[in-house]
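Next comes just one chain, in structure tokens: the form predicted alone.
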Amino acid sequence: MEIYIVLKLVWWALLGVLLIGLAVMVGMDMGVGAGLRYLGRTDRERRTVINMIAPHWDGNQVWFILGGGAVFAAWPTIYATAFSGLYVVMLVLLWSMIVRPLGFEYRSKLPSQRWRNLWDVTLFISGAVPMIVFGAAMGNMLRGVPFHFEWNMVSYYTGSFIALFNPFAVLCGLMSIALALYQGGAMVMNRGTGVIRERACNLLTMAGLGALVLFTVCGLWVWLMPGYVLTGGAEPAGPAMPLRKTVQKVSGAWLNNFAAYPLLWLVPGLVYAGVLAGIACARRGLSHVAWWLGALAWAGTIGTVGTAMFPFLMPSSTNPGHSLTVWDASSSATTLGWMLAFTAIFIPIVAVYTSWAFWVMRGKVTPETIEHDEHAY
């Protein structure tokens, strides 16, 4: 196998790893924000919950940067097409995340309950909206994005902002926020005590079961919806020329890879196993194990999408032949090789300092400790 093909496959897998890291780490913090008003019924309890993720939420945003940087460097055609065509969605995502640090920093600056309730709303919005957009993006990739290229490789997006929130994409978005609430519930269980810990366990249970129902419904929908089949033209070791292939839309085609390699059914099985085992562990007080099982469920979710779509990355519903795949939308072998070397250095560094930060900030957070901590939010 040529080294260029190996590099493309490695970067396809790395893209999945980065998306899983984003979903698990960022989704955990956003799940806490989205569930804040349920987890904390009083201002004192909400302050306690906020301070459970306060030492980590900003550091976890590095996964956004890593994900965006990876797409920019390894899949530049996808970066250009997605970020230009889905510009309004990117702005909505950006605006919702801008108010996130403001909510953390300004919420407790004044004692007014109205003031604090306002910032609680911003924390809910900045937690729920990005995760819904994240899931909806996955759903739209499965449906196909309405774009095409001109002869000079200038891409044109022919859809509308409202059309991106179609029923299937909304279901995927709801599943995304459900898994985020599960992960956030596990985080609060790890660091909470008393009634807050009990509510976190209930949130984790409800969100996990809801995620499984939505995952099942989305799976049945994918079975019935048209998928994309590469019928010729795209050479695995070829250059980034997405206009040289032929693609057909066939009903149920997204299940072809699973039919060809039945062992791949283990990937969606991780979602059911992770969530159900995670709920069982949480109910027995094993919240740390439940957190890792939630991460496994996220890996199964994103892995299922990637496995079903392979080798497609961004299908075109306007002109299927202009779809972007692993084989014809990547950077050069030199770029992929250099990026792999840097990734091999920096990803372990990110993992080490993230683990160190969680170790240093371990332990329970209680309302009493917040009241006597001048650095608390």
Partner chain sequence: MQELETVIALSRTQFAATALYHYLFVPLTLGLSVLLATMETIYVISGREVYRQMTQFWSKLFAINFALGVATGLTMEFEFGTNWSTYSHFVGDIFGAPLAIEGLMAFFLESTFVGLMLFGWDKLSRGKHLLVTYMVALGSNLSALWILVANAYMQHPVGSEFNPATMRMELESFTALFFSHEAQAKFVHTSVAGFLTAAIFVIGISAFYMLRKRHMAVAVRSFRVAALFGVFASIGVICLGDALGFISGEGQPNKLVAMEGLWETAEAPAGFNVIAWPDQEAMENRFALQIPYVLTPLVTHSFDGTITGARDLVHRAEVRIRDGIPALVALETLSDNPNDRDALRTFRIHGDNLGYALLVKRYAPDVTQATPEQITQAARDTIPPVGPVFWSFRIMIAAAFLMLGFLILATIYSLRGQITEKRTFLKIAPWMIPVPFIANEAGWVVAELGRQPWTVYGQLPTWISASTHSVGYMIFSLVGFVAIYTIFIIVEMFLMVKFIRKGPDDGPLPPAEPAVAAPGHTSQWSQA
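Numbering follows the first chain given and starts at 1. Just so we're clear, the structure is a prediction, and the values are computed from it rather than from any experiment.
Just so you know, the form predicted in complex with the partner chain exists too; it's not on screen, but the next bit is about it.
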TODO: Please name which of the stretches 199-207, 156-164, 180-188, 282-290 has residues with heavy atoms lying within 4.5 Å of the partner chain in the model of the complex.
DONE: 156-164
Task: Contact of Thr318 with the partner chain in the model of the complex (heavy atom, 4.5 Å) - done: no
Open item on the list: Quick check on Gln248: any heavy atom within 4.5 Å of the partner chain in the model of the complex?
Closed with: no
- [ ] Although the partner chain is absent from this view, report whether Phe310 comes within 4.5 Å of it in the model of the complex, heavy atoms only.
- [x] no
Open item on the list: Considering non-hydrogen atoms and a 4.5 Å limit, does the partner chain approach Glu105 in the model of the complex?
Closed with: yes
Task: Val195, Met90, Leu266, Leu220 - the one with a heavy atom within 4.5 Å of the partner chain in the model of the complex - done: Met90
TODO: Scan 333-351 and note down the residues that get a heavy atom within 4.5 Å of the partner chain in the model of the complex; none is a fine answer too.
DONE: Thr334, Thr335, Trp338, Met339, Phe342, Thr343, Phe346, Ile347, Val350
